[in-house]
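Single chain ahead, by itself, as structure tokens, in the form predicted on its own.
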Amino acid sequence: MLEIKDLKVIFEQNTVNEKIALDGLNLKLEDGDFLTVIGSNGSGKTTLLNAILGLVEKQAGTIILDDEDITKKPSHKIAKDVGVVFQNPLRGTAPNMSIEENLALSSAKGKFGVFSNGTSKKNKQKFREALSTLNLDLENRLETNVALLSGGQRQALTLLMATNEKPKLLLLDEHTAALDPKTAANILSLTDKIVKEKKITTIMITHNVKDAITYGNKLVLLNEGKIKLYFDKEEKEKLTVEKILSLYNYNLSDTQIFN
């Protein structure tokens, strides 16, 4: 499903500020894999997602998605196949449009000449059914402007928009970091439910080691643009926070690095 070979990303190359963000990174995911990614600040986590999305220049390497080389594919063309949920709940929705209009936009992603304002009876019923799975009573607020929703409601809506039309790949960039603990737990549980039910190949970045262990079937730890630790499903099931930190050569007192 996704194969990354020898990927290198260098910021401000050939200057005094040169920074190697990804250093020959290799990664392979099968269809339906749910990979969690951890690492300290500057380890290359978000750069990895941005490289897949075509938002940063690659100095070397290839990215293959569903047997297609997307290494040099424009970001707007990649976007039709890849769902994304960012850390900031405000990024994934159009605040001055209603819930149903946002859902109509996401349903029309990658298609030409099919956008409507979502007012048809067929669309309304489809959107209500999808929203009801969130258990947030949003199915009864289709005409409500998204700007009036809480951060957790907006993030849940963004997650639904990113997955309602099943993407080839789902990227989650610390998508619960800006939420309070209770809301974050609800969004993670919802994420897990959607990913499993739709069998969506997923990469989730998190600073929370416990969440990285709890969710998904594979885990990697990045350091200085390289995968320092990799755990498959069987190995991951035996992991603890303490074990990961000890393998990473940190004392337990340094857990704040990962929040």
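All figures in this text were calculated on a predicted structure; none of them were measured in a lab. Numbering starts at 1 and follows the sequence shown.
The following text describes the form predicted together with a small molecule, which does not appear among the structures shown.
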- Even though the small molecule is not shown here, does it sit in the predicted complex so that Gly92, Ile99 and Asn102 each have a heavy atom within 4.5 Å? no
- the small molecule isn't shown here, but in the predicted complex, which of 61-69, 186-194, 42-50, 228-236 has heavy atoms within 4.5 Å of it? 42-50
- Query: Taking heavy atoms and a 4.5 Å cut-off, does Ala21 contact the small molecule in the predicted complex?
  - Reply: yes
- Message: Can you work out whether Glu242 and the small molecule are in contact in the predicted complex, taking contact to mean some heavy atom pair no more than 4.5 Å apart?
- Response: no
